Structure formats: structure tokens, C-alpha cells
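Consider the single chain below, provided in C-alpha cells and representing the form predicted alone.
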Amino acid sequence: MVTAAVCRFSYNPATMLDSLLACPRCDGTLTPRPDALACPGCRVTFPVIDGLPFLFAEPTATLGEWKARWHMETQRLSDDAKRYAQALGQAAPDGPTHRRLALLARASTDHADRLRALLAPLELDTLQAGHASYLALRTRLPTSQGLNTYYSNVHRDWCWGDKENTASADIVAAALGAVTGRMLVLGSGGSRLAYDLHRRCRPDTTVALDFNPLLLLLARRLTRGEPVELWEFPPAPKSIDDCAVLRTLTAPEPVDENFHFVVADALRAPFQPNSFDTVITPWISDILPEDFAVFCARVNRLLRPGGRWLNFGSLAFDRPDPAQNYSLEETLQLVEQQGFAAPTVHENSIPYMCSPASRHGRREIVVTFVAAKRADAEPVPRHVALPDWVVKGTEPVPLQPSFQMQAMSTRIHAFVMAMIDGQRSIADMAKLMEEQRLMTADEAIPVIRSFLIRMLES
């Protein structure tokens, strides 16, 4: 089990990495300090946490958001353990259900302790709040991304996934061929692909960037030669014993001093222009909250003239704007329009998340394209996560259609809740809504029923 005492790595400010870094607020040069990096122009100090530069535009606020998500996760695990314990008391003591619930209760509690030790450098206990508060307060980090969003991938990366890891590294290495100079992996996640490519392709420098501190704190320990024990919770366990499996995660061998981690936002990658000879974007281009065309220009800025961009993943765009849900043909055209030569494209079928403890694995067809930078792209604005009327709070809030829809839903839901008195039926409530001219009784019945079903499920 990881302890804070054995997880402390000093930060060496005299590294090649520092010559590549830039302020995520103004793109200015950063000044190394003990356990920090400072931007003289912005007068902002960016912490270095357990050896990891933490380079978000608002480092204090972002760290607070990650702490909030940690507390939400611990509350969830605590609630799960309580539910398992409660159900355990009602199960036959010698039956299989009792054994399953006992395993899950113990694993949930122990999992929280192990994550707490792993995340100790973030000083998580400085923030306290209840689970319900964090469900209500959405933060500026993508709401779909929590500390555990890609947690299952770390077991694939560092325990049982040799076949999958090798398949991915084989495809990417073959597409790249010889690699020289500096390589950046944007959205490295658990970072096994970045680690394998660094060892196999031997660039002068490799930088693995991800915005999730849990994934990089774990990867840093593993790639320094320290095994870590963590629980895997397979989505479709093959047996009772597979419901929660304590895994030992290890790297094949320690990485050298030319491999670096940075905790930052890929849409505000904190690097000097033209810093890299190779940029790799694995499983990220189609999930970013930004038009792919703009992201192409951001990748272009990071590459030196003649540098190469390799994209690897499923290319399954799912944007609110249907015009931005690009096909492969459109994707390749956008790459060329943003200063790249015509990409070389390969498609391969590989195993994906085939845990030996789960029935949930599958095969995935991945697209790999490689494109060389032939010209600079037109500059694009710095990525902004939220509009000014949210951040500054002094501008009028626009009356957007989604807000109008939510306002109507909120009024209806509040009215329904006010009608619940232990006496009225759904039909009674529908008549009252018709009397208030909110909707007809026939329309109100399915609305009320759907709302009550959601309340029961939550």
C-alpha cells in the first residue's frame, strides 16, 4: 500500500522539461523555484506536487476542484460500504450473497484508504463537504470527468493488459518509424502508452500530459519502480471473487530521467511554441470540448516545422453541434487545412479492456493517422472553459433556450414536490396541474410519473 512517506520525489528545476514549459495564462517563460514554477508576468506561482508541475491557468481553483471531486468520491465509497453492510445484515451468513457483499464492503473501505494515501500530496483533507453539495455544485473541470473516470484503465496499463498494451504500442511505433528529439503525449491517462513508446522509440525527451492528478501521481510512482496495490472493480465480474480484486500494479522497469509528467489541460498545453518533434494524441481528440479544427491548430503550434502528429483512437465524435461530429474523411481534411501534409492512415482491430476478471471486454477498431507539419496554422484564441458572464458575474446572463427549458422544468418539478402530501395520487396531481393551466391532465400524468421514477432511482 502506498504511503505518503515513500511517495515524495524531489523536483529538479534544472531539467530539459523547464526549457519547454510556458505559462498557461500568458504563454510566458516560467521561473523555477523550489517546489514551484512562477510566471513573473502574471505573478502566479504554479505548484510542483510530488514532482509533478501543476500547470492550470487557475492552479488554486483547479486544485480545489480536484479536492472537491476527491471528497465526492470518498463520500460515494463510504455510502457504498454502508449499503453493502446494511444488505449484509439481511443475507444468509453462509450464502454466496453474504460472501459477495462482505468482499465489496471491505474493498470499498480499503479502496478509499489506498486512494487517500496515493493522493496525499494534494493535501486533500483541507476541504470538507457532503456528497449532496458536490453533486449540486458543478465545477469548471469537465463534469463528465472525475478522479475515477479512467481508473479502470490503470489496471489494464500496469497489471493484466500486456496483450492490449503491446498491440497499441506496436501500431503506434510502426506508424511513427524512427523517432528523434522531443515527444509529447497529450492526454496520456494512465501513461502506459507513453512509457512503452519512450522505451521503444527512445526519443531524447518524452513528456506525458494529463489533467487528472490521480492518474499521473500513480504513473509517476510506478515508472520510478515502486509497486502499488489498488482494487479493481470489474463491470461484469466473472465470479464472486472477481467483484473486487486487489491488484499489484508495476512497471516492467523504471523509466530514465528523460521521461516527464505534467498535470495540465490539453487545450491549454503549457509549452513554448515549436517545442516538439512528435505529438501523440491517444484516445482524446474526439472527446475534447472543442471543435476538432481548433484542436488541430493547437497541435500545430506545439510542433516544430516538419514535426509529426500521430493521432490514435476510435474517432467517435459526440459533440452537441452535429456539424462537428466528423467522419474520417472530414477529420483528415481538417488536419490538412490546419497546416499539415496529407495524413497517412491505418485502421486496426485491437482488444480493449479485456480484464481477466470481467466479461465486459471487447474489440475496438482504432484509427491511426500521422501527418507532418508543413506550415504554421492561423493562431486560435486561448481556450476558455466558461464565458465571461459566468466568470466575471457582471454581465447579463443570456436567456438561452436551454435555460428557458430548465426554468419551466424546475417550476413543474417544484409544483409536483409541493403536491406530495401522502394523500394525493398521480391522477390527483395531474388534475391540479391542469387547474393551474400548466398542462392538460393527460399530458401531466406521464410527466409526473417520469419525475417520480427519477426521484426513486436517485
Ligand SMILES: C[S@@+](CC[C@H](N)C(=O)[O-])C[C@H]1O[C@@H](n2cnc3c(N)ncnc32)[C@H](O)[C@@H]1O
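So that there is no doubt, residue numbering starts at 1 and follows the sequence shown. Given the structure is predicted, the values throughout are model-derived calculations rather than measurements.
The form predicted in complex with this ligand is left out here; the points below concern that form.
Colleague: In the model of the complex, does each residue in the set T180, L310 and V335 place a non-hydrogen atom within 4.5 angstroms of this ligand?
Modeller: Result no, not one residue of the spot touches this ligand.
Colleague: Going by a heavy atom distance of 4.5 Å, is S188 a contact of this ligand in the model of the complex?
Modeller: Result yes; S188 sits at the interface with this ligand in the model of the complex.
Colleague: How about L215: is it within 4.5 Å of this ligand in the model of the complex, going by heavy atoms?
Modeller: Yes, contact at 4.5 Å.
Colleague: Closest heavy atom of I284 to this ligand in the model of the complex, within 4.5 Å or not?
Modeller: Judged by the heavy-atom cut-off of 4.5 Å, I284 is in contact with this ligand in the model of the complex.
Colleague: Any of the heavy atoms of R156 lying within 4.5 Å of this ligand in the model of the complex?
Modeller: R156: yes, in contact with this ligand in the model of the complex.
Colleague: Quick one: of A167, A297, L267, A85, which gets a non-hydrogen atom within 4.5 angstroms of this ligand in the model of the complex?
Modeller: That would be L267.
Colleague: Of these, L230, A107, L209, L118, which has a heavy atom no more than 4.5 Å from this ligand in the model of the complex?
Modeller: Comparing distances to this ligand in the model of the complex, the residue within 4.5 Å is L209.
Colleague: So which of 107 to 115, 367 to 375, 188 to 196, 221 to 229 is the stretch with heavy atoms within 4.5 Å of this ligand in the model of the complex?
Modeller: In the other structure, the partner sits against 188 to 196.
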